[in-house]
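Here we start with a single chain on its own, the form predicted alone, put down as structure tokens.
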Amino acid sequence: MAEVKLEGVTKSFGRTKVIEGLDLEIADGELVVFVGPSGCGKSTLLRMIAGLEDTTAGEIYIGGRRVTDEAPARRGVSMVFQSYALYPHMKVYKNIAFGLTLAKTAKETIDERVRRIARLLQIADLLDRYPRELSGGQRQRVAIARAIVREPKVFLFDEPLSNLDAALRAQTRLEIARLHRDLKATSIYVTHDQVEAMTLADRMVVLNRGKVEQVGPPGELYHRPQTLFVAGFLGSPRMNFLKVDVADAVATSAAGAVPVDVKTFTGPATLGIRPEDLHLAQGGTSPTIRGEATLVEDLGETRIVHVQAADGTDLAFHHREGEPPRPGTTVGLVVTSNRLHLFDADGLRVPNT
């Protein structure tokens, strides 16, 4: 396998820049997930690495070799697309073997690789079937097997699970995680699904309008987002935001006053509170935020309670024990003070001081 390096990579369609001066290094054997909203440039960036899109500027290296202008077949990458793109007239065995057959690989080598990969992906009993005889999850595993059998330097996954239902997505996601653990292959994975990103990635790259907002392990991005965008993008329900004024280490809004661990910052800011860090005030605890319950979503293992704060801001929090507040009732909320997030007027994280 090999490392991937991007230096000042830019992509423009006419006057529209979709990727702007991007620098990134992906280590040998690492699984990196590109995540972001639709139109942020994540699939375009993946296609540039694959050689399916030209770069407007910048350089791409794979395994220390410059491949910026090389054809896709010479880059040593295999790509798994959102669509399965299987040949309907070929059985599974021939679909998996097709690339090796074109490369005139020895029949014995083809047979050994196809059967080994089929066992790894638990599709060995499907080799004599046609794609039309397979489920969606089985077809996606065949598409993954076809990519693996070529033994490329880098695997590229472009939203490979988006066509599957929820149960199959979860199952296939686990299979991809096990596959990466077993192969230790350099992999780049594109998705808009936060669960896929958080559970699969060694590191996540959060993209916004063609620029990198933050790079790091999933836990780091979730618990210490460096920008307001990352804070709002990761998490379901999303992070709660209150417009506040900060003075003397207290963030104040019409909804209430919350102590914050910043001693040198003053002025307007945005206070971020994860739904799991917001709770009902109980047992005589003084609430820090007041509002009115508007909706309760029962998800089985938890309930999501929606509240309109006194300043009109919509908030959400988890409620697991006892009866949740009824819509229309006034509630008092307390926060987990050591897990707050504060962002300045430019949307950048205010460091604790």
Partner chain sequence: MIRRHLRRSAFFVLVAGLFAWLVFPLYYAFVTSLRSGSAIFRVSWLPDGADFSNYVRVFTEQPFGRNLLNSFLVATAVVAISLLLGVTAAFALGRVKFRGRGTLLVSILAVSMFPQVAVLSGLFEVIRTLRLYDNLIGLVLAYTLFTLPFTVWVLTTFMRDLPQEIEEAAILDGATPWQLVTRVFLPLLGPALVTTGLLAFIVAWNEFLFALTFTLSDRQRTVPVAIALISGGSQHELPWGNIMAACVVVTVPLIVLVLIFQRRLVAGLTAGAVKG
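This one's a predicted model, so the numbers in the text were calculated from it and none came from an experiment. If you superpose the two forms and keep the largest set of C-alpha atoms that fall within 1.5 Å, you have the rigid core. Numbering follows the first chain given and starts at 1.
Here the subject shifts to the form predicted in complex with its partner chain, a form of this protein not shown in this document.
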- Task: Using a 4.5 Å heavy atom cut-off, state whether Arg274 contacts its partner chain in the model of the complex.
- Result: no
- Task: Look up in the model of the complex whether Arg169 has a non-hydrogen atom within 4.5 angstroms of its partner chain, and give yes or no.
- Result: no
- Message: At 4.5 Å between heavy atoms, is Thr264 in contact with its partner chain in the model of the complex?
- Response: no
- Is there a heavy atom of Ile188 lying 4.5 Å or less from a heavy atom of its partner chain in the model of the complex? no
- Task: Given that the partner is absent here, state which listed stretch (119 to 127, 99 to 107, 240 to 248, 199 to 207) has heavy atoms within 4.5 Å of its partner chain in the model of the complex.
- Result: 99 to 107
- Message: in the model of the complex, does every one of Leu52, Val77 and Gln82 come within 4.5 Å of its partner chain, counting any heavy atom?
- Response: yes
- Would you kindly say which of Gly219, Pro88, Pro259, Pro268 lies with a heavy atom within 4.5 Å of its partner chain in the model of the complex? Pro88
- Message: Under a 4.5 angstroms heavy atom criterion, identify the one residue in Arg224, His192, His180, Arg150 near its partner chain in the model of the complex.
- Response: Arg150
- Message: Where, within 286 to 302, is there a heavy atom within 4.5 Å of its partner chain in the model of the complex? Residue list please.
- Response: none
- Message: Using a rigid core superposition, assess whether Phe241 undergoes a CA shift of 2 Å or more between this form and the one not shown.
- Response: no
